[in-house]
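Only one chain is shown below, in structure tokens, and it's the form predicted alone.
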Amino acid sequence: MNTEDRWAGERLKETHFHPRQAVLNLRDAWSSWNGYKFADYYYDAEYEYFCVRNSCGTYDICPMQKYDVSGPDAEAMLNRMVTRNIANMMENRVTYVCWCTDEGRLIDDGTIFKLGPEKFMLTCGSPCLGWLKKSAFGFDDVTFTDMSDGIAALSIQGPTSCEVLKKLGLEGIETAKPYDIMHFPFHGSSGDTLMVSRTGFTGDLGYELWIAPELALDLWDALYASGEDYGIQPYGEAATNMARLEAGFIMPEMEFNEALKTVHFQHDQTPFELNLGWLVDFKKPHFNGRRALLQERDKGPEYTLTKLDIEGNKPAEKAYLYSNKRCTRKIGYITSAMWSPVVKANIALAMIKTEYLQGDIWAEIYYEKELRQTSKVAKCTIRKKPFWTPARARATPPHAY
């Protein structure tokens, strides 16, 4: 790390788990997320990835934006803001949502936690308080509290994650279904509560832990003591990106640009372009972007985010896509790509012009071989399902690994 990077790192905030993570970050490999110092990787990204797939790992999600949305109008206000219908959500459940501009362009995606009849928590990757306040126009009885710094959050993912939580003393955690929320006492009889949601960003079995910041280090120590025999390790952003691609999850600044941050017209995306049409519910009343999205549904999106299985083993990073092997008609581009160790395939997500999805697709891949730049043209096959969907991610109770 050069001097400038080191000074920049010193200006970043440290997360509630940073004192423990700094000791484990042997490469001193840090980046930033929402003003926080954030681990890119600790020792080796692939090693951390295999920990998630074969045992379990922890991922610091303290920098995630977290907003308390409360009041008699909270549900109605959120239901007008997001494209999905949340009116029938049960308490102690989580749902995945996205929200758009009036033009139907995606601002961000995230999750809504229903914690009570009039109490919700919205989580997302980028600050959203300004948009929440704009979306509350016409709703008199709703309040917002930015809890981003006031909640410590840690994700634990992988096949042994449930066993670790059981050893931690979370009685009944094995009964939690995907997207369930459970509450547990923590720190003896002091009344402190640990909230656990069966959620994550890896496509595997996993949970997210939410607790008061002053208890963050106690939680870390207890969790790592419980996970000592189950291969627990921290993992960073690089391993996360590998796991989420196998699961077919989208990533901002890779699959989509946030609509409020783009300069060029339509350099952002819509839910239909991102293959998130299932999140748009036209049966509910008005919501932001409804008219524009209804028109796009009837007309069809210009581009469609597509899962591709690419021949060979050279990742098609930043590759262009063509409708013929001669590469004379460009039809799209790769957004994310990798050689998947668990799938044993060359996989990618790509934005492809919708009219060409029924024909041949070829990727022009550039790569380096023994310090020489070379290229190849590889045939692509469309995949309908996620690349990695283990049964353990949905099993209740999970198998005792």
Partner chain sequence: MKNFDTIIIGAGHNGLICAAYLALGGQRVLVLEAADTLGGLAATREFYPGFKTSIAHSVSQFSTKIVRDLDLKAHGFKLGKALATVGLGDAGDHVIVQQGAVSGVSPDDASAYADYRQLLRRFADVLKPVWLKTMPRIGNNNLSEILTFARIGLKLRLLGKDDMGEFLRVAALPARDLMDENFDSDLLKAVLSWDGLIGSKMAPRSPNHTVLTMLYRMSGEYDGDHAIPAGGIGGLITALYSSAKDAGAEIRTGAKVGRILIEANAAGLTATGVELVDDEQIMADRVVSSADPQRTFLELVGTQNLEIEFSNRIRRLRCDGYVAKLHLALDGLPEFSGLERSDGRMIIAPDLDAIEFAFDDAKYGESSERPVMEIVIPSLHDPSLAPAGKHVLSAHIMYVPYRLKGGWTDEAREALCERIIGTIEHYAPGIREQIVHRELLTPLDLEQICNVTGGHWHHTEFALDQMLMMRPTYEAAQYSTPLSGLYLCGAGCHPGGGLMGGPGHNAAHEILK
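Everything numeric in this text was worked out from a predicted model, so none of it was measured. Numbering follows the first chain given and starts at 1.
Only in words, not in the display: the form predicted in complex with its partner chain, which the text now covers.
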Classify Pro285 as contacting or not contacting its partner chain in the model of the complex by the rule of any non-hydrogen atom within 4.5 angstroms, answering yes or no.
-> yes
So, in the model of the complex, is Ser135 in contact with its partner chain at a 4.5 angstroms heavy atom limit?
-> yes
Does Lys330 make contact with its partner chain in the model of the complex, using a 4.5 Å heavy atom cut-off?
-> no
Is there any non-hydrogen atom of Asn92 lying within 4.5 Å of its partner chain in the model of the complex?
-> no
Counting only non-hydrogen atoms, which stretch in 127 to 135, 166 to 174, 109 to 117, 322 to 330 is within 4.5 Å of its partner chain in the model of the complex?
-> 127 to 135
Can you pick the one in Arg80, Lys314, Arg244, Arg84 that has a heavy atom within 4.5 Å of its partner chain in the model of the complex?
-> Arg80
Partner-free chain; cross-checking its partner chain in the model of the complex, the single residue of Gly236, Gly206, Pro271, Gly289 with a heavy atom within 4.5 Å is Gly289
